Every structure is written in structure tokens, then in C-alpha cells.
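In C-alpha cells, the next block holds one chain alone, the form predicted alone.
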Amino acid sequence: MILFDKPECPFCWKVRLAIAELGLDVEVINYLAPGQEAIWRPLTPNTTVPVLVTDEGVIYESDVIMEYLADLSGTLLPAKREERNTARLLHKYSDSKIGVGLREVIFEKRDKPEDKWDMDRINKGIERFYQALPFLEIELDNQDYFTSCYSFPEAAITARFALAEAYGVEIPVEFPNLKSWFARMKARPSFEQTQPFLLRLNR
């Protein structure tokens, strides 16, 4: 399998985390590598990555890639149907709620000197990020994972939280369950194996 990838993209990173957790042999290719755009761009109507090329076809939506990896491995989703629903809903929540505010922070700070930052945009983005956390704190409770095993939300939310941290947005102390969970996720080998070079520089 081949994954066309953008290292700092949270949609790509969650897929890399899932692949690392499964121990799959996948060639990861940077979408900007010389000559690669002409290969991956015609494969997706979205003209975005991630794009996973398999013997069974091309998959160009990150959510569908995650479902494919779960089908392929028999893991990444809990055995119980109601827990699978929870995992999928939290996966969607990561993209639709957590990512919305963070996108404003990252897009404003990325590739700009600090004196050019729009602090109003950044602060509003941070506030939206914080507003998404109480629901997750309750859903996680004191469990090791959001469901009974490492599943979709672990990969998706880890990528979001790590990018938030890299851009100066920490999980507040009033969310101890999430802080402990994130520390555990960062200690997993998959995190070290898949984190973007940018994050390594900032550590």
C-alpha cells in the first residue's frame, strides 16, 4: 500500500497513527515530493491528501481510509456495536468540533511572524477549542480509551491535540482526564513514529 501524505495535516496524521498501531507495511510519500503531485492528484476528486492506494483500489477520504483499515485488520473499532457507534461519533466530533477552532489558530500562526498574527482570530479559535473539551472529558471519564480499546477517536483526537500543543494551545488543568489520556497517547510508539518533523523540532 502507498499513502500520499501531508505530514502536518491532522487527517493524514490520524491515518498514519492507525497504520503504525496496526504495524502495516505502507509506503508513506510526501504529497510535495518531486513528481508525486502528478501521480496522486488525478486519483482524488477532492485534490487533497490523504490518498491510500491499495491492491483493491484507491481511497481518498480519511474517514473511509480509517474504515478500510479497521476492516482489513479487524481492530481499530470495538467489538460491541454500541461502542463502534461511539467511536465513529467521536471520530466525527474530532473533525467537526475540535478541528474547527484549531484551524483558525494554526492557519493564523503558520508561516507568519508573530507580530503579524491576528490575535482576535487566534483567541476566538482557542475559545472554540476549549468549548469542545467538556464533552470529551465526560465521554472519556476515567477510562484508558474512549471505548474499550484503541480506536478511531484515539488516532483522530491525538493528532488534533498534538497540533494544538505545537501551536501553543494546551489542554487546561480543569480537564484532568483528557490531560492524562493525551500523555498516554504521546507515550505510545505510534506517536514517536508518526509525528511530523515540525513537532520534533518544537520538543
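Given the structure is predicted, the values throughout are model-derived calculations rather than measurements. For every residue, the number given is its place in the sequence shown, counted from 1.
Just so you know, the form predicted together with a small molecule exists too; it's not on screen, but the next bit is about it.
A.B. asks: Can T147 be called a contact residue for the small molecule in the predicted bound form at 4.5 Å between heavy atoms?
C.D. replies: It does not: once the small molecule is placed as it appears in the predicted bound form, T147 has no heavy atom within 4.5 Å of it.
A.B. asks: Counting only non-hydrogen atoms and a 4.5 angstroms cut-off, does F11 reach the small molecule in the predicted bound form?
C.D. replies: Yes, F11 sits close enough to the small molecule in the predicted bound form that at least one of its heavy atoms falls within 4.5 Å.
A.B. asks: Could you confirm whether E165 comes within 4.5 Å of the small molecule in the predicted bound form, counting heavy atoms only?
C.D. replies: Taking the distances in the predicted bound form, the answer for E165 is no, it never comes within 4.5 Å of the small molecule.
A.B. asks: Could you confirm whether T47 comes within 4.5 Å of the small molecule in the predicted bound form, counting heavy atoms only?
C.D. replies: T47: yes, in contact with the small molecule in the predicted bound form.
A.B. asks: Just to confirm the contact call: exactly one of 57 to 65, 130 to 138, 174 to 182, 150 to 158 touches the small molecule in the predicted bound form at a 4.5 Å heavy atom cutoff, so which is it?
C.D. replies: Among the candidates, contact is made by 57 to 65.
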